[in-house]
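Taking the form predicted alone, here's one chain by itself in structure tokens.
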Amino acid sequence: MAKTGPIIVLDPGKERTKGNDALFMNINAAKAVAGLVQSTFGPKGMDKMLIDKMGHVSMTNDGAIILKDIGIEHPTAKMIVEVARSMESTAGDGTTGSVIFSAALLDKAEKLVKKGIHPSAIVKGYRIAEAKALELLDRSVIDVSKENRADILKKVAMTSITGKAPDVHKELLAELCVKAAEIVEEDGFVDVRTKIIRVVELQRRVEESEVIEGIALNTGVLSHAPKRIENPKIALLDTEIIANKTKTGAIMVVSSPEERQKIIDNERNDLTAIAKIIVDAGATAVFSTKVVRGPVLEYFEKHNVFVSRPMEEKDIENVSYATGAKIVRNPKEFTESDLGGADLLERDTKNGGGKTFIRGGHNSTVATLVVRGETLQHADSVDTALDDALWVIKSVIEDGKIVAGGGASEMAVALGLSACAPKAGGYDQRVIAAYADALEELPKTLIRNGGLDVIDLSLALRAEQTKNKNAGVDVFAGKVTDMLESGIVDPYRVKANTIKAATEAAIMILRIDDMLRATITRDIPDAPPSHMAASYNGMAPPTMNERR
């Protein structure tokens, strides 16, 4: 039989990387992502300066923000970024720790593969280790009772805020977060996304930040309405109140001043009629995204109706959610059912009079955190810290579980895994031991970022853990101590989700043994003569004299 030539199955334009080459390339990408945020981990972590295309400068040590803004392109690196996003959406904190743990698991897996252990065996061992780690973590859990909940929530918030906002203000900020969460708590659930609104004010001191039971709006007032309205009936408009329009291009011809005045009066009557519809429906306060002008404003003032200055869509949506008012885009069809209600509406006449408070919305309990700072960067850092603090408070309220911080829970789980690894036997023994070593990377990074001796403190932590499962590293004191006594605690949810998310990401990457990438070509096809730069639709270009 005659021999045939090579059979080409794949597109020659595809780049293929397979086997261990593909695995090691993906592992290196994951470790590179972790290297970007590793120095930000812990209360003494460093900040990153981010400069966008417009030149806007921001400084943060929040791993999720850093990974979102730097623009990662590598597909495997994006998978690690998704771990951070998952932690951000489910626990609100622990993003950096999860990325570091993912990279550590992959680093240990790389060493095992080089020693001849197949990735499938590593995946199996990691699954066993994950289940055991969660079991060991449950043994470190401290239940939160109603008697000590307020104190625990404050400690959890302070632990989260440390290193993200000025330490001198962390107790005040923690108290504000706890108060806001307790205001909106309903049946043991805290809706941080929609029920807690954060408003930023600049050129103010951080210690002036406050919590409002209701909504605080950075908007002034147009009308001369009362400064305080009890049980207001609130109307929301997302349109400008205007008279009937004439057809586009229409020309109106008048023959006398009287006729012109008649047209003006008719337009005024149309506007007044629309305002009357809203007032007759019972509205005592009107919030609008557009400016309310002329006869409409005069009519509202005549009937003591509060009229706000134009506000952002996000703010009007918050008012709608809190008060039950419907956002109306056709004021001619406004009815009483579109109104919302609250216990009190009042204006702030201090500090320039640019704030409006709506307290006790009838549709939902809402709290507003007014975050103040000297500069935009300062206020942003405080706002980010408060966001993380609110999420950890939410986790503790809903789960009722905490663990000791300062690397205590990670080291306790790691030592437990190391102890049970020999019982597994075979490859599983080595893989579980590697998993335990990867978990120890979290307290080691905490120590390293604190500028302390990693070897000495790691050994001291290991020794103390045999006596006290709550022993962790106090990076400010530079020693191992009882974290519960020091008030350094973390939500159970953050630690459990870190183990789950990091393990899942590592396993997904370990299962990849082949990568096919389409090559990017930048060749520009030949253009037809009629589209060449030297011609104009097939005609010769004009000469210089003709252009002139």
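What you see is a predicted model, and the numbers here were worked out from it, not measured in a lab. Residues carry their position along the shown sequence, with the first being 1.
The same protein also exists as the form predicted in complex with a small molecule; that form is not shown, yet it is the one meant from here on.
Here the chain stands alone, but in the model of the complex its contact with the small molecule, taken as any heavy atom within 4.5 Å, falls in 61-69 among 48-56, 23-31, 61-69, 503-511. Taken together, Leu217, Asn318 and Asp348 are entirely out of contact with the small molecule in the model of the complex: none brings a heavy atom within 4.5 Å.
Using a 4.5 angstroms limit between non-hydrogen atoms, Ser102 is distant from the small molecule in the model of the complex. The closest non-hydrogen atom of Asn497 lies beyond 4.5 Å of the small molecule in the model of the complex. Not displayed here, the small molecule is kept clear of Phe189 by more than 4.5 Å at the level of heavy atoms in the model of the complex. In the model of the complex, the small molecule sits within 4.5 Å of a heavy atom belonging to Ile488. The partner is absent here; in the model of the complex, the one residue of Thr284, Thr76, Ser308, Thr159 having a heavy atom within 4.5 Å of the small molecule is Thr159. Checked against the small molecule in the model of the complex, the candidates Lys394, Lys164, Lys108, Lys444 yield a single residue with a heavy atom inside 4.5 Å, and that residue is Lys164.
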